[in-house]
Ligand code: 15L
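Here we start with a single chain on its own, the form predicted on its own, put down as structure tokens.
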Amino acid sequence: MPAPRTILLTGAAGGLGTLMRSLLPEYGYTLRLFDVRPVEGEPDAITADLTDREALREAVRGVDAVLHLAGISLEAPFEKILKSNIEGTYHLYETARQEGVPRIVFASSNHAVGFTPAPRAGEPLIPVDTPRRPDTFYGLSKSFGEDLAQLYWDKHGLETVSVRIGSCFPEPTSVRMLSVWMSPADGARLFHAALTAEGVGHTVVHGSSANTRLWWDLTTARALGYEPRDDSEPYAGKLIAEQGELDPGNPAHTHLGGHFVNDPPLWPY
């Protein structure tokens, strides 16, 4: 696929969106910014909700691809997840279909498979075709997004790369994160590969750096042309000294979803 020129970046005011706003232009992209909150320092950004179909139509019109980072990024009551992550993602896909946008890169999550046990020493890395086991309503919404992407590819020919992001921060903040961390620079590399690889159909990839303690397989990401350059290991000594090694008796330390598998529910029943 030729390198897209103009990208609609949803969730541009969020943590990951802010990181990508500074990194993706280095790859030659012009970013059209969209968020429900104002984007600081960006007067031309579109401030609207994904359920605002008119505003979304204007945002999507004429772009070459969409990097969809918008949505609630933590667990929340189902009604909020439904509106933002499920209905909002549907509106984006339907609008992209109507406007003839050829590709979306969808920010999925490790929480779509959060109850998957981490591999023990000597076991194979977790493949992308592992059964989905969402750990929260948030994880469920990411499973929905992956299925929606598959539907729109099979039925309408709209391509998607669904990136199951582990944790994308300037540096890892926990011992568990050493296994699922993706540096911002590697995140930009992966999104660029996802935006430009040929014939992706609907491809699911794991979003991670080349970590020494890696839990999941990066084969499908590498097949797009992604070459991670970073590793969380330089942060390991400090984090282990502060937090200790992972506890094999704590599900939050032994599952892809981390503390999400232990957190109490938020629904009011």
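For clarity, every value in this text was computed on a predicted model and none was experimentally measured. All residue numbers refer to positions in the sequence shown, first residue = 1.
Omitted here: the form predicted together with the named molecule. The next part is about that form.
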**Item:** Contact test in the predicted bound form: residue 109 vs the named molecule, heavy atoms, 4.5 Å
**Value:** yes
**Asked** Looking in the predicted bound form, any heavy atom of residue 166 within 4.5 Å of the named molecule?
**Response** yes
**Asked** With the partner left out of view, is residue 177 within 4.5 angstroms of the named molecule in the predicted bound form by any non-hydrogen atom?
**Response** yes
**Message:** Quick check on residue 73: any heavy atom within 4.5 Å of the named molecule in the predicted bound form?
**Reply:** yes
**Prompt:** What stretch, of 73-81, 193-201, 118-126, 146-154, brings heavy atoms to within 4.5 Å of the named molecule in the predicted bound form?
**Reply:** 73-81
**Asked** For 121-148: residues with a non-hydrogen atom within 4.5 angstroms of the named molecule in the predicted bound form?
**Response** 138
